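Only one chain is given next, in structure tokens, and it is the form predicted on its own.
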């Protein structure tokens, strides 16, 4: 029975390799050097589809992939409809943070009830965060580098993923508020889990046994 796994290039793919190995799955090619979007494995019935990180939940939701690996940030923005999320894989870890220019007094602005302009790739996460705080915001959706927005006056603050914080420092920004911890999770198409249980469940078990502490 065929099994299709949706993955994205970069850090998530690299950190997924040990989990795939635990399930006895080895990609035939490296997606970073290959132009192929469907990659064979050492199992004739198992294929990897290489998609944009933000598209992984959609491919799984609509059955174009049986399994996928996506960041918690992507899943929150997607909404998670029709997806079974059995496992936090504890990989590609980082933090969702609020960051501002070094010369912007974020605490004072929040305390005095200022309406803030927030630039982000993650409008749902940002909107919910500031709603919980009772802070009025205007959300500006961007797709490129968030760090530029405060520097040119487009936004008062950004909501973005932070790993080392080096990019923030290089652009005279600082993280001022932690929103949530992010890691990548395994997502499964619910119909596929029922129809292909004998094929999918061993992969889930192997992944679970190999999840880093």
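Numbering follows the first chain given and starts at 1. Just so you know, these numbers come straight off a predicted model, no measurement behind them.
Not on display, but discussed next: the form predicted together with phosphoribosyl ATP.
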| item | value |
| --- | --- |
| Position in contact with phosphoribosyl ATP when the complex is considered in the model of the complex, options 119, 74, 100, 126, heavy atoms within 4.5 Å | 74 |
| Of 182, 149, 48, 173, the one that lies within 4.5 Å of phosphoribosyl ATP in the model of the complex (heavy atoms) | 182 |
| Candidate site 67, 196 and 200: all three near phosphoribosyl ATP in the model of the complex by heavy atom within 4.5 Å | no |
| One stretch from 111-119, 89-97, 76-84, 131-139 that, in the model of the complex, holds residues within 4.5 Å of phosphoribosyl ATP by heavy atom | 89-97 |
| 4.5 Å heavy atom contact, residue 61 to phosphoribosyl ATP in the model of the complex | no |
| Residue 41, heavy atom within 4.5 angstroms of phosphoribosyl ATP in the model of the complex | no |
| 4.5 angstroms heavy atom contact with phosphoribosyl ATP in the model of the complex for residue 165 | yes |
| Distance check, residue 25 to phosphoribosyl ATP in the model of the complex, heavy atom within 4.5 Å | no |
| In the model of the complex, residues of 29-64 near phosphoribosyl ATP [heavy atom within 4.5 Å] | 52, 53 |
